[in-house]
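Single chain ahead, written as structure tokens, the form predicted alone.
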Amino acid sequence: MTRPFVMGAVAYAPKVVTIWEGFKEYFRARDFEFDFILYSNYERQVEAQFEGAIDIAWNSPLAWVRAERMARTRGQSVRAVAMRDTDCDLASVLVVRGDSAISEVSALRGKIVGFGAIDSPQANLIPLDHLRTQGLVAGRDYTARRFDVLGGKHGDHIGGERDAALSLMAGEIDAAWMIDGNHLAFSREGVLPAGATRIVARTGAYDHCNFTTSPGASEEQVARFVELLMGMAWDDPEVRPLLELEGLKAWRIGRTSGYAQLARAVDDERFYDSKGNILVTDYRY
């Protein structure tokens, strides 16, 4: 029996099992032996890539940054070989209540700003970086209130952002950061009632998750894996439910140009060092 190509994924929600069991059947039906291992957090998953436990990882952007740094330090290499169409060119938004006097970032001085989980790229690290580039530093110019939920999941569970949105509407904080897609989702849910909020600032565009190869992974298997991904069509009734669950319409070839903001934030906030070691002291995962 051919050794299966093993993928790592983080179990941030129950649907993860359904998603990857479906992918497993899809690959096997096309004579590609595939299996997956679920991890409770991205830190353990990235470390598993360098222990030979998995051939590829479905990594968050923060996990990519760590994997790339760990590989470079070891004289090895990892590649971002595929990502979703919905992972490209995203942005986070700074939201205030509709009746707020805050109309620009400079007005945040002396205010309380809500952020997502400590390890959320979209709701904590990139927003902190955005404000820093505008001359505002947490703890000096404004009070940062973080909504930590399920450390180690890198913000995939949304919880911290939803909690921040609820706190904003309750008048407990003056502004809240969230990814733009969640701002729309919270409006649909009624968490942020229509017309009750305004967007004051928007970060530059960045990318989200990618499939990251592990050092030593079979190039032949990686190529076949990517080929099968790219062949998944939205109009295929067998495939579409899987794509819907994973939140995409089409797979794209991976790129790394969209991680510059996050890499800078990781350094400025001292989350990882240049070797991928975890520096932040109050991080629990």
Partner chain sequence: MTAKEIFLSPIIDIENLGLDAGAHLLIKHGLNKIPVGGELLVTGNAPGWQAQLSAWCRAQGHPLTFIEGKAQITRSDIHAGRCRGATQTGSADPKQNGAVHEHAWPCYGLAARGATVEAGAPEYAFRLNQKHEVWADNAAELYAQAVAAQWNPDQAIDWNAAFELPDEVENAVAQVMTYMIENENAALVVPARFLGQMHPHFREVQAVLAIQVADEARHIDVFTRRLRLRGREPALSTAGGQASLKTLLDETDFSIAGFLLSVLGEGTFVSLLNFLHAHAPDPVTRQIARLAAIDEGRHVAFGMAHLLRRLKLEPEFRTRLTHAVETRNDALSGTSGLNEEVFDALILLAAGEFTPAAIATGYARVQTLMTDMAEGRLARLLRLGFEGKTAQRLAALHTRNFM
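A quick note: this is a predicted structure, and the numbers were derived from the prediction, not measured. Residue numbers count along the first chain shown, from 1.
The discussion below concerns the form predicted in complex with its partner chain, not included here.
- Of the heavy atoms in R255, none are within 4.5 Å of its partner chain in the predicted bound form.
- Although the partner is absent from this view, R74 stays clear of its partner chain in the predicted bound form, with no non-hydrogen atom inside 4.5 angstroms.
- C88 belongs to the set of residues with a heavy atom inside 4.5 Å of its partner chain in the predicted bound form.
- Contact annotation for G151: none of its heavy atoms lies within 4.5 Å of its partner chain in the predicted bound form.
- Judged by heavy atoms within 4.5 Å of its partner chain in the predicted bound form, the contact stretch among the candidates 161-169, 128-136, 181-189, 108-116 is 181-189.
- Site annotation in the predicted bound form: the residue of V93, I173, V78, C209 reaching within 4.5 Å of its partner chain with a heavy atom is V93.
- No residue in the set V226, G231 and Y283 has a non-hydrogen atom no more than 4.5 Å from its partner chain in the predicted bound form.
- Contact annotation for 179-218: residues with any non-hydrogen atom within 4.5 angstroms of its partner chain in the predicted bound form are D180, G181, H183, L184, S187, A194, G195, T197, R198, I199, R202, listed in sequence order.
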